[in-house]
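Quick setup: the structure tokens below cover two forms of a single protein chain, split into structure 1 and structure 2.
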Structure 1
Amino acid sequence: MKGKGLLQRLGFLKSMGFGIFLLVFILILSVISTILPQNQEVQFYVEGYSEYLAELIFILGLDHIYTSSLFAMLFGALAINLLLCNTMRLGKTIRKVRQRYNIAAMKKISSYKLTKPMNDSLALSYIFKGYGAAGIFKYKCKEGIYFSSKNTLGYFGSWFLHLGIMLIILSYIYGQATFFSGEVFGVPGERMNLEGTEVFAEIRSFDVSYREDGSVEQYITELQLQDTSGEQRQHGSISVNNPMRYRGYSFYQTSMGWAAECEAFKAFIPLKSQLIYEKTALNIPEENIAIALTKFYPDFAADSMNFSSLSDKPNNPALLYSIFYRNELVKMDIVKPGEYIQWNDYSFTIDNFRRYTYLKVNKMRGQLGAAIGGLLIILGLALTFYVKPRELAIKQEGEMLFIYGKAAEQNRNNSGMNTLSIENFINNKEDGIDVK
């Protein structure tokens, strides 16, 4: 009794009302995601909203709705709802197909008085054909009643539709739960580990192609993938809109920039040297000093208002640097690459500029399940709208002929008595009767 009570209490999980509630809730969250900026820094929400509202945003995960626990729980509940509903629907659909020869469940659509005894099987075939119910297996006789059915696979249209939706939702949940995102950036010759994996990436080369007008046409990275032992795995060329794929990982050409060798000295004694990138810094914690490569201008130009670069090619290179001491900006200026930068006892050089490439790496599982789900939805729609089940029963009682139908378009109640000549029916109705 306890088990039965529990099942009854959980019965709402398979109800249509619960499924609609979940869909409405998901829709509300989707609307919120379009109004509330997503994946911003904590300070953005703290400064832009009240303290209470910002705390609520963090608790509910509204700052990253599509990857939040709340969104995953809603999709999980919707998947359970569809699974239970689909399981129940399958049983009902199978029972519906099996009960198609139950004349008690069919509706009388016509009745005729025969002008002569009906003993011609060809006449039956034409009657079934005329009402659009001539199935592949012709007709069958059961207890003196002739039956025929057509397109019974159409009963499964709604079931395939729900199954496809459920499979897409489950694939989405699986994809989000196993989603991987990483990055690879550096100058040619660098080898780095793709964090969280056993894949190593070596940047073989990075090139930029230009159009005739001098504008950038394409960025191209040659990448070599290796395993932990250094064995070569895959080599490929990556450009914008042309990713490289390896065991589910997709490497995308996202952006590029400039990097340079930076050296630091104190009283002309070397302190540290390091490759730095634009908007990064060489930091010397023990000296409480850092120098940042704020901006690199390949083709430097200046006017009374600002600085700019005339082209993407290093025709007249210059750089903007920033020196920080005890986390405070103490100096900023523009120099040529290789020029000495002096501040108190410290001096720096930033030289040997070269381009670096930035690659985004994603791994999303579940695409196959989503694709199968999409095909099932198409199949379900095709069965629902284009494969209409038709079932017809012909019952003879003496000189009376009664015709029963089960399809929706055959539910027209035409119970008036008609006189039927089998010969005339064959001759005049050979092309079939339109009962829609």
Structure 2
Amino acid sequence: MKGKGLLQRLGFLKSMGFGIFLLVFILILSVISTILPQNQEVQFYVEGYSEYLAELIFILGLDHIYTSSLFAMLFGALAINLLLCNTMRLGKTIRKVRQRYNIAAMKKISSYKLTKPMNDSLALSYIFKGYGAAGIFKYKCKEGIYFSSKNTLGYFGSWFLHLGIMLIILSYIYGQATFFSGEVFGVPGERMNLEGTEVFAEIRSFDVSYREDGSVEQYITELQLQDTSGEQRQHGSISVNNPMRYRGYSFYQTSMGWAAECEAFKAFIPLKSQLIYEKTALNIPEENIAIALTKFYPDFAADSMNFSSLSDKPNNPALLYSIFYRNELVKMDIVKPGEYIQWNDYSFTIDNFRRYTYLKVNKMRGQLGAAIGGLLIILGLALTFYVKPRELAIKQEGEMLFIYGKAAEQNRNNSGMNTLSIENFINNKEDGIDVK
């Protein structure tokens, strides 16, 4: 009894109905994920939605659907469904392939009355062709019955397809579970450690190439990867769509911006000097003061409403800074690079602007599995839709010739041959071929 119960449960888990239920569930969650803003602060949902709806959002993890347990469980269940379905399907598929030469598994499609004995290979070919066995096919005789089959691989289409989907799901789950994400950024000459690894990256150069019309053609970073001793391990150029690969790590050209040298003084005595990036600040905690490079305008232009940059080339550079004292904004203005910025006893200079590059670094395992999965899906679909298995059998009983097939309408092709022409051919009424 226990065994039967387990089998029943397995039967449900492998069923198409369960698979479709999971797909519909995933579909609904996917739709919600594009309607409901994801990964927002708790307050966003509390204020934006009713109390009950907000609670439901948190319980089901709808605020972060793609990383929620529910979503992971659904994909896990789908992988199990596919695994069980495919395991059980394999036996059935192999049985189908073996039954190619089993007339009991076929249906009688048509019959012809023979006026002469018929055992000529040309006639057999002609009949097989007439019933859709055109192209590459073989026939064999088994116990006086002629069998022909083609596109047998088509039986495995659905199997490959489901295996491919399963591989992609498993590879994706594995990839997500072991995903590494890091960053490398800086101006040329900077060297930094890729956090959490023993890889060091030195930015050798960063260039922006322009077309004649002034539009950006490409962002190119020349990067050298080193080990802890500073020995070069890899060296190359990275641009958008052309990442650098090193031991599973991929370095992507993701972004760029401006950086400058910032110096702070108190009563003209130097306090601190540091490279700061756009939207970052030079902070002096002991003095409770900070200056932020709020925005850099390489080609500054101003009208009554706005500040803007006419291009991203430093034709007329200007910068917007913000000074914070005891965490409060105390001054904000536009100045030229290198110009003295004064607030009370403090003074600052922001100068020597350079472009910095920002590279995202990922290490995602399971990509090979996903790639094989993708190929299997394409192969599976091609086999399922366009490689239809066909089987035919010709059996002679006395004066009668019987044609058997798996599916009559599938085995008919558009060769233009009809039963009459086949009968004429067999009985040598039309073509004048001597059929013994």
Partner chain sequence: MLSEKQGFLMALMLYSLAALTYIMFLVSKKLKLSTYGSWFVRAGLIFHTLALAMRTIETSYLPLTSQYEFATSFAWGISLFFVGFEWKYKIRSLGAFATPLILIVTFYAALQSSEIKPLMPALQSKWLFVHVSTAIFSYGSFAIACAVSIMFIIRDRLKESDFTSNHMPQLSILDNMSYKAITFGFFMLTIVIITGAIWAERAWGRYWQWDPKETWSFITWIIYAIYLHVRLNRGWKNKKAAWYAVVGFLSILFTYIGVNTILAGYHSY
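Since the model is a prediction, treat every value here as computed from it, not as a measurement. Counting starts at 1 and follows the sequence of structure 1. Here the rigid core means the biggest group of C-alpha atoms that line up within 1.5 Å when the two forms are laid on top of each other.
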Return 1 or 2 according to which structure is the form predicted alone. 1
If the two forms are fitted on the core, does residue 89 show a Cα displacement reaching 2 angstroms between structure 1 and structure 2? yes
Rigid core superposed, CA of residue 76 - does it shift 2 Å or more between structure 1 and structure 2? yes
After core superposition, I'd like to know whether residue 153 moves between structure 1 and structure 2 (criterion: C-alpha shift of 2 angstroms or more). yes
Could the core-superposed CA displacement of residue 392 between structure 1 and structure 2 be given in angstrom, to one decimal? 12.1
Once the rigid core is superposed, tell me how far the Cα of residue 165 moves between structure 1 and structure 2, in Å to one decimal. 4.6
